[in-house]
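Consider the single chain below, provided in structure tokens and representing the form predicted alone.
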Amino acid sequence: MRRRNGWGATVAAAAVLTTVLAGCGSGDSGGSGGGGDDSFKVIAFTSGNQTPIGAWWVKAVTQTAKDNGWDLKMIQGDFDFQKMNPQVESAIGQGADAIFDGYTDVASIGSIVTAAKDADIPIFAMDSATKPSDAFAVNITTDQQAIADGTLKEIETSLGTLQGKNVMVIGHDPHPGIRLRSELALEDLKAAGANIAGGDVQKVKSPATGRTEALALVTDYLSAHPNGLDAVWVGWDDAALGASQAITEAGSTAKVTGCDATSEALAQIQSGGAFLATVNQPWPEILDTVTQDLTTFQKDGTLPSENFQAVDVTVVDAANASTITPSDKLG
């Protein structure tokens, strides 16, 4: 087994409230299932474990480790990078063969990347950057332009045009995907002649309070501008559900789009209310691809030939919502 491949990586990242040791094969907390010193040691970490998709990732990676005989150390950050980063760095100091990063912005984990590079340990990632980065052996995410294009097309079709329409854009900068697709949506709306409610992206501070923050943003705007919204473009479903609630409570006819294909979003889309469309991102398939890259490295030390992929997505509206597995029901 080849455990070092001339790889380096820097780390400065996520918060950790929970550390899980999964002993693959034996069930012991020390991870002896891989066979002592011959075990393939993997450090997995995520800052987004409090979201439905992040929680799914923790369970899925833990099972993947068992299936592949990895000695896994799972670190969950709960959006607290000051706690998480030192824990990941400490784990790196204890030695590992590979690192698996899920849903953590590369900009927030500089110290982790550095520590990994210094220790010659490659980082395999999902949804951790929106463009190629030498921080990762590979990072696979979704096509942010496709997300913006697909949701804006749904709004345009519903309204007949974007020209002259009043549209609010709600985003969240700490998440790289949401940040980029919000910027792209803003640019495309301006190019189409839409009026941007509030003048710029309205930014939610925390994913944990995204729904209530979006509810307040839209409620306050509609209070000051009765019937002054035609649509609200939102970077993720939980916040979009808050926007939808505000529109419904105000008696507005505005439409909302989100991204993530959660159960509540799909149900509202099928009900024919304010929630118009969302986007399904193929996370199980992406996990499978990254796992294949990791097992190839485990077998012979070969790293992926390309360090970045952005895969296609599916726009979900009333016509296909019933066929989609909700992202919060993945496992």
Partner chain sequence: MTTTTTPPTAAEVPVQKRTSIGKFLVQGGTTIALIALVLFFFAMRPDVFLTFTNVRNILFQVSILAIISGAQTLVMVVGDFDLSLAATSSLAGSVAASLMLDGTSTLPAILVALVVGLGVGLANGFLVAYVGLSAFVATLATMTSVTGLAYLVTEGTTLFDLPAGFDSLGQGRVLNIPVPVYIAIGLSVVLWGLLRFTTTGRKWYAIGGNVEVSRLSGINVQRGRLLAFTAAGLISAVGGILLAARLGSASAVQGSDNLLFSVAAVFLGMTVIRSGRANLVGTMVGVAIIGVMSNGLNILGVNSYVQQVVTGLIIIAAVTLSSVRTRER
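Worth saying up front: this structure is predicted, and the values here are computed from it rather than measured. Numbering follows the first chain given and starts at 1.
Separately, the form predicted together with the partner chain exists; it is not shown, and the next lines address it.
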Quiz item: Do A224 and the partner chain share at least one heavy atom pair within 4.5 Å in the predicted bound form?
Solution: yes
Note to self: How about A267 - does it come within 4.5 Å of the partner chain in the predicted bound form, if we only consider non-hydrogen atoms?
What the structure shows: yes
Can you tell me whether Q50 touches the partner chain? I mean in the predicted bound form, with a 4.5 angstroms heavy atom cut-off.
yes
- Message: Is Q245 part of the interface with the partner chain in the predicted bound form - any heavy atom within 4.5 Å?
- Response: yes
The stretch from 274-282, 259-267, 61-69, 297-305 that lies within 4.5 Å of the partner chain in the predicted bound form, judged by heavy atoms, is 259-267
Assert contact residue (the partner chain, in the predicted bound form, non-hydrogen atom within 4.5 Å, options A107, A192, A208, I196) equals A208
Heavy atom within 4.5 Å of the partner chain in the predicted bound form, from candidates V113, L217, A137, A98, belongs to L217
Query raised in the report: Among T130, E156 and E187, does every residue place a heavy atom within 4.5 Å of the partner chain in the predicted bound form?
Result: no
Applying a 4.5 angstroms cut-off on non-hydrogen atoms, the residues of 304-331 near the partner chain in the predicted bound form are D328
